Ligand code: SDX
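Presented as structure tokens, the chain that follows is alone, the form predicted alone.
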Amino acid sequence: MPATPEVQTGLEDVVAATTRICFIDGKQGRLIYEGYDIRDLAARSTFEEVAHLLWYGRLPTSAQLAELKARFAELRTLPSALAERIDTLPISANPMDILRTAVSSLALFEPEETRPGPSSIGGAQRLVAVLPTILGQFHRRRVRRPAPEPRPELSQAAYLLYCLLDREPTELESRAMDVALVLHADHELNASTFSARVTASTLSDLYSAVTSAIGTLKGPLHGGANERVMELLDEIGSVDRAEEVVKAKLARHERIMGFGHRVYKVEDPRATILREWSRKVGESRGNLRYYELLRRVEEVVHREKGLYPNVDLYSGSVYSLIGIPHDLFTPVFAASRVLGWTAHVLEEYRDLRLIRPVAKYVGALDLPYVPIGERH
């Protein structure tokens, strides 16, 4: 058998592409978008500014930002036939299945936006703008509320909350969501982004690449960890039970979601930022229960296992306090990460090379063929 390179299970530490979009320093706990530290972007920027940064490689001028905001507002309305189709889908469906189906179907109505290449920026803008509408269309139907209006005066963060809550979000809620969207916008070659780039490397269209990414994000080992965190908090109930419950789970070798990361060896910088927003939103509600529970869980897990929190530990508490249903946590993640997916697809089109790794064969060789009548 010909010699093959040693297998890196899960492609861990394998360098598969070059990118200018995102850099993770796992040892120092830094996340960089196009040269800018995530701490600065979360504190001083907006999701719309970050969209311009990831697509065009630079922060926008005031005029460019106004133009992009207007473009998003213009692109929020679904084709009527697609809106009608979403209304025929079962309300018991997983919202990620709805999102995947709707994005794939949207390509049927917008063939010009699906052509691979630089012109796909139009499709990228369309997908970022319209994902909140898709989620709102589905969620409002299942709670018997009217479909969302485009609301051009709202930012993307505020519009997403309006679609899901059927009310005007407060300024604090909108800012918390804006920060969450910035933090989740990209994270280098995570599973869903890699999936999108593999699809794009075949010269398939942008909508197909994003459909691939949504299907990948649906998997509980990638998306959905913040839902599991909230389930844990409900199970614990009160701060004085946190140590007992967590230690019992660890003794049974159960994984505590929201801790550890394949890349970060220290605390995920996104967790650092969201911890503070969990406190802020909790204080605004007069309810610090989630925050206090999470702080206690964090203390126990770090002491017992030496693990640091990742982005999922605190994000669910912020979403829950705002009023977002738990089964929409991963779709909200998608409404942010679609920015990173599309930026990576555009980058893949510029540096096109079919992604085709090899596998190490471990099966048999040279088996004699046995006619069917002689097989046992």
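Remember, it's a predicted structure, so these values are computed and weren't measured experimentally. The first residue of the sequence shown is number 1, and the count goes up from there.
Not pictured, yet referred to below: the form predicted together with the ligand.
The candidate spot formed by L250, G258 and F333 lies fully in contact with the ligand in the predicted bound form, as each residue has a heavy atom within 4.5 Å of it.
In the predicted bound form, the ligand lies within 4.5 Å of some heavy atom of R337. The closest heavy atom approach of N190 to the ligand in the predicted bound form falls within 4.5 Å. The ligand is not drawn, but in the predicted bound form it has no heavy atom within 4.5 Å of S315. Put simply, V311 is close to the ligand in the predicted bound form: some heavy atom of it is within 4.5 Å. Among the residues R115, R289, R262, R145, the one placing a heavy atom within 4.5 Å of the ligand in the predicted bound form is R262. Note on the partner interface in the predicted bound form: the residue among I324, L307, L65, I32 having a heavy atom within 4.5 angstroms of the ligand is L307. Segments offered: 215-223, 159-167, 122-130, 195-203. Contacting the ligand in the predicted bound form at heavy atom distances within 4.5 Å is 215-223.
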